[in-house]
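First comes one chain, alone, set out as structure tokens in the form predicted on its own.
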């Protein structure tokens, strides 16, 4: 038996009597044409290791395995493990199942080396997982991630956009980020109340050092935490107008109009 011989996803779900759990933020992609497109957009293949969070019934898992990649699937909902084990049986040793909460799993240990992340992320933890991968000890080779469209828009927003904020600054300082695919709610089972989008993030070759990223997190948290205030006020605890002047940034400006270079300058100035 091979991957091609596996039953359709809907049939597998019915056989195992599985339904999506709202508490886990689950919405399933059952159209293999869609999951195969996501796998292509991820640009992974034979010899690559991929971490997938929240595989559920395994639609994206199957598509990733078809590329020849090795997949480490992290699933919190134990109901899906027997179904995923059936996929593992025909995956020729290239599917490893990890039962656990992705927010607590040691990704580096699970991957066993450099890895890409490709996931239809659970809506309720997607943003936190992205921040962890951007700033934590495990840095993926690339990330191809499905979010609510609102979150994807926040990742790629530019200074002056309504969606521009802390997530955009940290994501774009560390990665080249773009939205590569939009999906309507009807593409999922059950359909969520919002549209979704796939964002692809590729780490920059020469990112700022860790201490600057830490300072950037503090500066953006303060600036966007009070985004309607002038920087002289929102950054008061970090130096206010004096910090802005040292960084060459207008202290009367608001966070939403400061570009990446401006925030990096503020972060570096806060370390002096």
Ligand code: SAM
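Fair warning: this is a prediction, and the values are worked out from it, not measured in the lab. Numbering follows the first chain given and starts at 1.
Omitted from view is the form predicted in complex with S-adenosylmethionine, to which the following refers.
For the candidate spot formed by 219, 262 and 265, no residue has a non-hydrogen atom within 4.5 angstroms of S-adenosylmethionine in the predicted complex. Contact check for residue 165: no non-hydrogen atom falls within 4.5 Å of S-adenosylmethionine in the predicted complex. Taking non-hydrogen atoms only, residue 62 never approaches S-adenosylmethionine to within 4.5 angstroms in the predicted complex. Although the partner is absent here, residue 77 sits close enough that one of its heavy atoms falls within 4.5 Å of S-adenosylmethionine in the predicted complex. Though the partner is left out of this view, residue 120 does reach within 4.5 Å of S-adenosylmethionine in the predicted complex, counting heavy atoms only. Comment: 48-56 is the region of 48-56, 238-246, 222-230, 208-216 lying near S-adenosylmethionine in the predicted complex, near meaning a non-hydrogen atom within 4.5 Å. Contacts with S-adenosylmethionine in the predicted complex, taken as any heavy atom within 4.5 Å, map within 101-120 to 101, 102, 120.
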